[in-house]
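The form predicted on its own is given below as one chain in structure tokens.
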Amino acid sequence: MTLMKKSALSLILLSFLLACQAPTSGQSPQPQEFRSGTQGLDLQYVANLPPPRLFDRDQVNIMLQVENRGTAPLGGGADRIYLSGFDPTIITGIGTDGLPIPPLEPRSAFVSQGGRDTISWRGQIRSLTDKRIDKYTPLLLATACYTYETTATAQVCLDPNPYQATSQQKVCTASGVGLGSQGAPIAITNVDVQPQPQRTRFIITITNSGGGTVYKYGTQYLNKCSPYSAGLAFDEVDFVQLSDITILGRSIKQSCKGLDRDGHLRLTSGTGQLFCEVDLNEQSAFLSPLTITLRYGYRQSIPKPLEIRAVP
């Protein structure tokens, strides 16, 4: 083969390879799997706000960074953060009403990081020598109270004839589906599928995986979450509300057992089970998406030690 023919062949191959490469700019973002993780709101004290040591008669500035690390909108409305854990006669100027959480966008298939913002307080430290003490060491506690939502979709096998004696081949076999987490502190961890003739039953396991306290969904419960209120009652804590559960294009919420009149499910030791079922008119087994949506109030706290010294 002559040198000219070899060069021409090389140019053709190079053009082909360049044509097969994806463009590096101007291309549309690709969707990604985002429903994972057990966090909703993330709280962090901003470094040196406040510093670890202060002196009396100083001003104290406290700043929190808040970030939505989950897959549901957060903030706005009655969602608030409260600061407590200190003597209000020593640190003054910080109210008991809390501060609103600004609206924070969630993660999504095209957004890898949720919304982020800051919340700040400014107080004044009174004289310690007037109280005849040399040092005061409170433990500041920032408490977030907000509503959140968990959505999970499981592809389940629906078999209207599970005990069929014929040798007909089926596309699937009904079995349990492990789900893990959905980018929220409350996780739908497993869906057990129990087929019956012309009916399928689902046992849905729900777990508090976020490390905070879950309570009933509703503004009346959100207001009682404040550390300055009378507090949430025993029959208001450890509940999630079933917003809806759908399959085959219809809701089967009315079939679910174990809910109170407001649609809340009790969690015991952080876990609860929901029992729902769907009637089938089909004749053969097939796969279908089961979508579950939960709503709830959530409370989480973050401490910060502080040392205040008296100035002679």
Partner chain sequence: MRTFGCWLLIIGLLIGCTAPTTVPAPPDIAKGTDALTIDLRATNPELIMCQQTDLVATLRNLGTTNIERGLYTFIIEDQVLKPVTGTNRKKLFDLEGRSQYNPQGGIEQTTLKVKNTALPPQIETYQTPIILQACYQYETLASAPICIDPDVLGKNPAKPCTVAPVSVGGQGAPVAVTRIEPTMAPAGNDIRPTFTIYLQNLGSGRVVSAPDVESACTTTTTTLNPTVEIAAFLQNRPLRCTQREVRLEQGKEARIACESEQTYGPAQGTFSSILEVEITYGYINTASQSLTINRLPGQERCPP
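As the structure is a computational prediction, the values presented were derived from the model and not from experiment. Numbering follows the first chain given and starts at 1.
Note that the form predicted in complex with its partner chain isn't included here; everything after this is about it.
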| query | finding |
| --- | --- |
| One residue of T89, Q169, Q113, Q155 in contact with its partner chain, assessed in the model of the complex (non-hydrogen atom, 4.5 angstroms) | T89 |
| Option touching its partner chain, based on a heavy atom within 4.5 Å in the model of the complex, out of L242, I81, L232, I94 | L232 |
| Options 69-77, 101-109, 180-188, 128-136; stretch whose heavy atom lies within 4.5 Å of its partner chain in the model of the complex | 128-136 |
| Contact of R250 with its partner chain in the model of the complex (heavy atom, 4.5 Å) | no |
| Touches its partner chain in the model of the complex: R299 (any heavy atom, 4.5 Å) | yes |
| 4.5 Å heavy atom contact, P197 to its partner chain in the model of the complex | no |
| In the model of the complex, P227 touching its partner chain (heavy atom, 4.5 Å) | yes |
| Any residue of 275-312 that, in the model of the complex, places a heavy atom within 4.5 Å of its partner chain | R299, S301, R309, A310, V311, P312 |
